[in-house]
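Here's a solo chain for you in structure tokens, the form predicted alone.
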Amino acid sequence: MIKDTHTKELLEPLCNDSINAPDSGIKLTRRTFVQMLGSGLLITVTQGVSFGQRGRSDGQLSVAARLHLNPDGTITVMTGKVEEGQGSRAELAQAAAEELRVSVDRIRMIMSDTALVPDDGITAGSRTTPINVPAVRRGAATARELLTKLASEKWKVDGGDLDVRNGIITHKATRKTVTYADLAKSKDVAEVFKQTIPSDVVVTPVSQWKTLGTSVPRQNNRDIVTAKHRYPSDVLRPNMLYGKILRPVSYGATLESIDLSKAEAMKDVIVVRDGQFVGCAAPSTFLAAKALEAVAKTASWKTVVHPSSKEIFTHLKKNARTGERSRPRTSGSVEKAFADASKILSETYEVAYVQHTPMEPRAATAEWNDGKLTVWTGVDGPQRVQGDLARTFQLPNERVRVIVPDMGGGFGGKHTGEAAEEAARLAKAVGRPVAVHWTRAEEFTWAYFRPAAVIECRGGLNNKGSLIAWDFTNINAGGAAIDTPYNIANKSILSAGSDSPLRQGAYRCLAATANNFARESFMDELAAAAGADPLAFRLAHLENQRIRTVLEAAAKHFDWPSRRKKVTSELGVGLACGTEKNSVVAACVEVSIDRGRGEIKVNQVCEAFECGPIINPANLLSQVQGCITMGLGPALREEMQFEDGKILNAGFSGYKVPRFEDVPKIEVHFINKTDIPSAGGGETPIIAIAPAIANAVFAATGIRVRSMPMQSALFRQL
């Protein structure tokens, strides 16, 4: 029996339906949930420590907020991070297992439920590996030390005489043992686990890793491939309705009038209007869509003038914020260096708006009970969305609960909770749970985009072919990886804002994709102007040893010198390198050119990558391969087309993401650098693909393609 009423309230939304378990690898009923957590945590809760204790991953949490011992010998680890396909569920479980000295199958993960887990920040920016893996390790190491201390006090022996293996604490001399499962039954554990996790607790060095550094699979892999796993769009609640939302006819349009009567007259349909918000709820998606169609026919809109994709780069440059452009970051004497240069190059690069295209569009199910809101949704910042919902509905944070089941991708595109708010609005109005599932067209149109960019590059060479002056301005995309890694004495670098006609936001590796495309393409142009091999030119200006290492590794495995000699008018090779998120990457590619059709075919990608000590080799390989494949899309064909405030290609028939036939031979080589902290691997590998392709296209055709996507740009020039 659950005597603690607070705990019972927290369990209720999970236990009414087992598909709502935070860890879909476990069929979670009230009984199994309590068994998984054990009695100790319930004692902790009654003593005033909330399941949802908030804090940062820098030693501000208690041990109890991070993990719990279970009577069956398993350990429950709690994290605010979201599993969206990047493998954090496996790596965080590995982190705990390593420090607790248990096998990873003893770890149970509870993730991204604001009522149960600490606030570990948004799942973005490749921060899980460098920030949250260490946080979990510190929590687990602290727990191990506290448990060892309890055993030493019980036996009245020195803690140094104890050994911990497989969840068993052993006194070396007497061979006395006590297990984690035994200690889980002690009230002493609940008391000591109230202690704060110190920031300086000693964790296991890389040289002694047993679980970290190995290819541990994600715990719910089988559920995913057998369709047992339930994504946010699969959540069901008793008595649930399905909602559809009225969207404006174009960007910036405002609703002037509407007639709801026909939809309101439809059986089982509920229509909700609150100012500009109009939605329909019904027992099926089909019926809700029919009701919305009836409503939409009566709507009158006031539209605004909106630029088209054909004029977007002119628009961005014209509307660049002059205040920002007047304050570049400089070093040396830039203009003097240009005046002294023997040769000056100046070129402009363009990058189109693109969408994230996750497998699962935005989805949310909302439910109100006694003035409390619970939302199951696919977002990568559950606490952030919790705060947004609390402000929208004027509720205290603790009366809003956001649960994120392992979701179907994000790539930086799910930082916001639009579907969650829409579902909550409808659910509050109709008094029943409501699910809102965005269509693919809605995802293409109303989710935010990766920013378009105009990037202006100017470089000066001396009479020896050395790069002595650098001027780089990014308009609109942002400043990620904008600093050149090359050794240039005189440089000016600026990220300038502009008036973006489309809603824009984060994307895999942010603006680094655009900045690296322009910089690495321009470096090839400078190499050609200097009469130098692209590889030799880069190495001559690189002091960053980490980048040099991956660049040399990629070139060696690709056999750059001999492959470059085999270039023809239909076959080209190119390379590029870069750094971001404290990791480094280099790629060599081979492309074929069909001049008659103006098509680029990427035959091979050879990429070298280094992100410090490798935590999970198989997972990292998947991440790098995913980055390479995803990077092909914006490089070759992906771009949003729009006119009069409307998206013209809001579907996969008109928006060409990479297909299986587009995937080249992919060769990945890792540099396992163990003398620095681990960095994330889910973003940086994408940044070298586009410029390497552009440089390979030039090698074959003699045409510089300075615009992404390249396919249409090359077609216009052939």
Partner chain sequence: MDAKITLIVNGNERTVVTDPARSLLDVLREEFHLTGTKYGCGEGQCGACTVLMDGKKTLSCITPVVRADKKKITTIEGFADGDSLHPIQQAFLDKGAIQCGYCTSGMILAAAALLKNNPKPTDKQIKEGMNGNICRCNGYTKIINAIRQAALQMKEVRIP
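Values in this document were obtained by computation on a predicted structure and should not be read as measured data. Numbering follows the first chain given and starts at 1.
Omitted here: the form predicted in complex with the partner chain. The next part is about that form.
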| property | result |
| --- | --- |
| Residue among His356, Arg425, Arg432, Arg401 with a heavy atom within 4.5 Å of the partner chain in the model of the complex | His356 |
| Listed residue that, although the partner chain is not shown, lies within 4.5 Å of it in the model of the complex (heavy atoms), from Ala184, Ile593, Ala527, Met630 | Met630 |
| Heavy atom distance at most 4.5 Å to the partner chain in the model of the complex, all of Asp234, Trp438 and Glu638 | yes |
| Interface segment, criterion being heavy atoms within 4.5 Å of the partner chain in the model of the complex, picked from 306 to 314, 172 to 180, 224 to 232, 130 to 138 | 224 to 232 |
| In the model of the complex, Ile676 touching the partner chain (heavy atom, 4.5 Å) | no |
| Proximity of Met266 to the partner chain in the model of the complex, heavy atoms at 4.5 Å | no |
| Non-hydrogen atom contact Gly505 with the partner chain in the model of the complex at 4.5 angstroms | no |
| 4.5 Å heavy atom contact, Ile666 and the partner chain in the model of the complex | yes |
| Within 616 to 644, the residues that have a heavy atom no more than 4.5 Å from the partner chain in the model of the complex | Ala618, Leu621, Ser622, Gln623, Gln625, Gly626, Thr629, Met630, Glu638 |
